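Presented as structure tokens, the chain that follows is alone, the form predicted alone.
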Amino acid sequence: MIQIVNLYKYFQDKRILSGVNLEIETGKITTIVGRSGCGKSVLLKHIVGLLHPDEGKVLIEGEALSDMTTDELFEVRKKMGLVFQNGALFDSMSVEENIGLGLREHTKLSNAEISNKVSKLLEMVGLPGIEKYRPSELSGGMKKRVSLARALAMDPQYVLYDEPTTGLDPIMSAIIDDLILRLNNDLNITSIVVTHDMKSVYKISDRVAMLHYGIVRFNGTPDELKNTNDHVVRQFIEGNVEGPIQPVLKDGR
């Protein structure tokens, strides 16, 4: 289980997270929603240890990341895969080199074994035979799937997705959603998905958390989200202009 306990984060005098408390259940898909700039991606970076809390803790299997040595943190990160919003593929590398990077750096697998695993991962995400392509030759949806294959290469226990369907057409978005669902079930992993796509939220989520003004305003199932009486949450999920959420967040939050 991943636990976020009373997490605060400031950037200079701007408060981004204001005491976030959240538990990520093992084997489930948890989606995190909220307005742009509310701290969703910042929270992801705390979970992988790229940012450190000003107050509070992130615990992975009961161990606080902030209490770990650098070597211990690296070992925990090997259990995690991160799918970046724009893919974050290395332009100078082929698809095979991108996916196999972690395997080359952190395992003793031979080049042939790495190539074989990369081929299997590409088949898993529906892109067989593109090992020699460069990122510049891929569509947006293909880049997302290659990024997902790379995230799975180290056989992670946890996979974190940052806006996996942003910029994709409805059909490709549905394909990505189906992949997230299938891989979570087939590989028995725990998934955390940051998204604005409410259609995806209802399709893939076991649990949904909404961040608002740096705290968890809602935490529940998709059905509970649909039926909530919280006016702030309802305005967000329905995309209404009128309501308690103002166009600009107050107090710099």
Ligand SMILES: Nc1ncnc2c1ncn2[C@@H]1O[C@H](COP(=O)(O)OP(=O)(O)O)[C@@H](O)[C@H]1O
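Keep in mind that what you see is a predicted model, and the values were worked out from it rather than measured. The first residue of the shown sequence is 1; numbering continues from there.
The next section is about a form of this same protein that is not shown, the form predicted together with the named molecule.
If we take heavy atoms and a 4.5 Å cut-off, which stretch out of 60 to 68, 40 to 48, 219 to 227, 197 to 205 is in contact with the named molecule in the model of the complex? Only one stretch qualifies here: 40 to 48.
Within a 4.5 Å heavy atom cut-off, is residue 185 in contact with the named molecule in the model of the complex? Outside the cut-off, so no.
Quick check on residue 231: any heavy atom within 4.5 Å of the named molecule in the model of the complex? Result no; residue 231 lies far from the named molecule in the model of the complex.
Distance check, residue 16 to the named molecule in the model of the complex, heavy atom within 4.5 Å: Because a heavy atom of residue 16 falls inside 4.5 Å of the named molecule in the model of the complex, the answer is yes.
Even though the named molecule is not shown here, does residue 28 get within 4.5 Å of it in the model of the complex, heavy atoms only? No, residue 28 stays farther than 4.5 Å from the named molecule in the model of the complex.
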